[in-house]
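Consider the single chain below, provided in structure tokens and representing the form predicted on its own.
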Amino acid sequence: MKPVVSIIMGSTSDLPVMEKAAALLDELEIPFEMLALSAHRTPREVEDFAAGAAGRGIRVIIAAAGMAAHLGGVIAALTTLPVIGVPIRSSFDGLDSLLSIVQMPPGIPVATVGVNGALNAAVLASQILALSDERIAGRVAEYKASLTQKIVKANADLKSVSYKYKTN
């Protein structure tokens, strides 16, 4: 089994956030790898990773970083693969990370999800892969349908909640 998605994080301290992406990719049966790479502490390794990712069969990269959050942008500058940035909440409630990722120069886009939005990054990666893989497309459709069912169940559960002035 060869990975088609890379989950890259600046350090293993990001793992509690990024586990949500890993869990969804696992549920959707999409092979992935997880690596810790730092744009600032291991720049040569980041360059080697980005330069070789497509050749190893990687099709989408999810890059998580906090604070200055340059990891996704550096990777995007070194590959033509789609890169999805996950800003990690650190200082300034993650606003510094979010702005570092979304404010990329022209020609170096990094699709960006919300702060600590690893689950949405995995959904987006899955939808990108689904464009050329009908099996993944089917699993993504099932996942999306399950979201609808969660709300239907929530509304059914709310009917049993009782308040004096509640009308439904």
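Heads up: residue numbers just count along the shown sequence, starting at 1. Computed from a predicted structure; not experimentally measured.
The following text describes the form predicted in complex with a small molecule, which does not appear among the structures shown.
Engineer: May I ask you to check whether Ile88 falls inside a 4.5 Å heavy atom distance of the small molecule in the model of the complex?
Structural biologist: Residue-level check for Ile88: yes, a contact with the small molecule.
Engineer: Indicate whether the small molecule has at least one heavy atom within 4.5 Å of a heavy atom of Ala65 in the model of the complex.
Structural biologist: Yes, Ala65 is a contact residue.
Engineer: Does any part of Arg41 reach within 4.5 Å of the small molecule in the model of the complex? Heavy atoms only, please.
Structural biologist: Heavy-atom contact with the small molecule at 4.5 Å: present for Arg41.
Engineer: Where, among 65-73, 135-143, 23-31, 119-127, do residues come within 4.5 Å of the small molecule in the model of the complex by heavy atom distance?
Structural biologist: Among the candidates, contact is made by 65-73.
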